[in-house]
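In structure tokens, the next block holds one chain alone, the form predicted alone.
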């Protein structure tokens, strides 16, 4: 730790960032409340945990590296189809399915990262959108493998760790999804609070100047894009394993747009922003669709417009600003 009156070094800053805040313990303990307070909503809680993991993967490239993607559902869908297809042909172990899905989506992410690292802004948006459409149409045309528009049939998922069966109430599904989300969160937290994470933030601010201080922008973008793709693939595999269904909906543009909305709602580049955004979006969608099944997107749109106008850095960004103001007044 730096002495009082001396400027903080990057290592001191990173060391301070890795310390757990008491509110973080509260957040993760609160994720256990559905087991006690909402036992009939564990399936929804499982969907929220999976969506939060998907949002976390997008936050890694958008919030920290500044890579805008409108086709991130491609990796989510590849992970879902991978887990579903291998289970159909005999590999039904959930953990092994996650590893294989992460490996395949990581390979696809690495291959496409060479394109992604060459473009920015509007061109990048169009390219990621195009990649999403390509994967969607490939899955649709490969009916013999994916089931096409009919969806993948015959998915058989084995017991978790050989003991825990996926039940109708969602207890195993939520436990499994929450555990994977927590482990991936620890990984991303460690990554973003490292010199590599600092370099990503520098690339987000000015990718042209970063090579001048020894941080190759293109190489770093390729690495983080590959990791983000693998995490999105894990989220997709979780969905396939916990619901035993995979359809073309996992590759829809709507899914890419929804996860972007979640990041805007929660606050991009803040670790918990994607998680908070996913919780708010999924709960709001569940409630609004129950109240008004035809026009529930109207309320989602109204919520998004209100948050962006009042809290331009998202809900978490607004709460952080309020917290700093209160601390400033007290000191």
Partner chain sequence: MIGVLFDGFAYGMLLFLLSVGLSVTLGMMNFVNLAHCAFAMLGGYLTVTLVNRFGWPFLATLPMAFLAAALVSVVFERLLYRKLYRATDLDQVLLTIGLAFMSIATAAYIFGTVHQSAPTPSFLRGSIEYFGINFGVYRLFLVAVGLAVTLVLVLTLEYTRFGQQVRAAVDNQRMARGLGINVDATFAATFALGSGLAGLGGALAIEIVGLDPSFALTYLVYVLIVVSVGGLGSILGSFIAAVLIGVSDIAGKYYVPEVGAFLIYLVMILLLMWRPAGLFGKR
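Nothing here was measured: the structure is a model prediction, and the numbers come from that model. Numbering follows the first chain given and starts at 1.
As for the form predicted in complex with its partner chain, it is not shown, yet the points below apply to it.
Enquirer: Please check if residue 27 has a heavy atom lying within 4.5 Å of any heavy atom of its partner chain in the predicted bound form.
Expert: Result no; residue 27 lies far from its partner chain in the predicted bound form.
Enquirer: Spell out, yes or no, whether the shortest heavy atom distance between residue 37 and its partner chain in the predicted bound form is within 4.5 Å.
Expert: Answer no; every heavy atom of residue 37 is more than 4.5 Å from its partner chain in the predicted bound form.
Enquirer: I'd like to check something about residue 309: if you look in the predicted bound form, is any of its heavy atoms closer than or equal to 4.5 Å to a heavy atom of its partner chain?
Expert: It does: once its partner chain is placed as it appears in the predicted bound form, residue 309 has a heavy atom within 4.5 Å of it.
Enquirer: Give a yes/no on whether residue 141 approaches its partner chain to within 4.5 Å in the predicted bound form, heavy atoms considered.
Expert: Yes.
Enquirer: Okay, which stretch from 74 to 82, 235 to 243, 132 to 140, 176 to 184 lines its partner chain in the predicted bound form, with non-hydrogen atoms inside 4.5 Å?
Expert: Of the options, only 132 to 140 has residues within 4.5 Å of the partner.
Enquirer: Can you confirm whether 127, 257 and 264, the three residues that make up this candidate site, all sit within 4.5 Å of its partner chain in the predicted bound form, judged by heavy atoms?
Expert: Verified in the predicted bound form; spot residues all in contact, yes.
Enquirer: Name the residue from 271, 282, 42, 62 that puts a heavy atom within 4.5 Å of its partner chain in the predicted bound form.
Expert: Selected option: 62.
Enquirer: Since exactly one of 123, 219, 145, 212 fits, which has a heavy atom within 4.5 Å of its partner chain in the predicted bound form?
Expert: None of the other options qualify; the answer is 123.
Enquirer: Could you list which residues of 299 to 321 come within 4.5 Å of its partner chain in the predicted bound form, counting heavy atoms only?
Expert: Result: 300, 301, 302, 304, 305, 308, 309.
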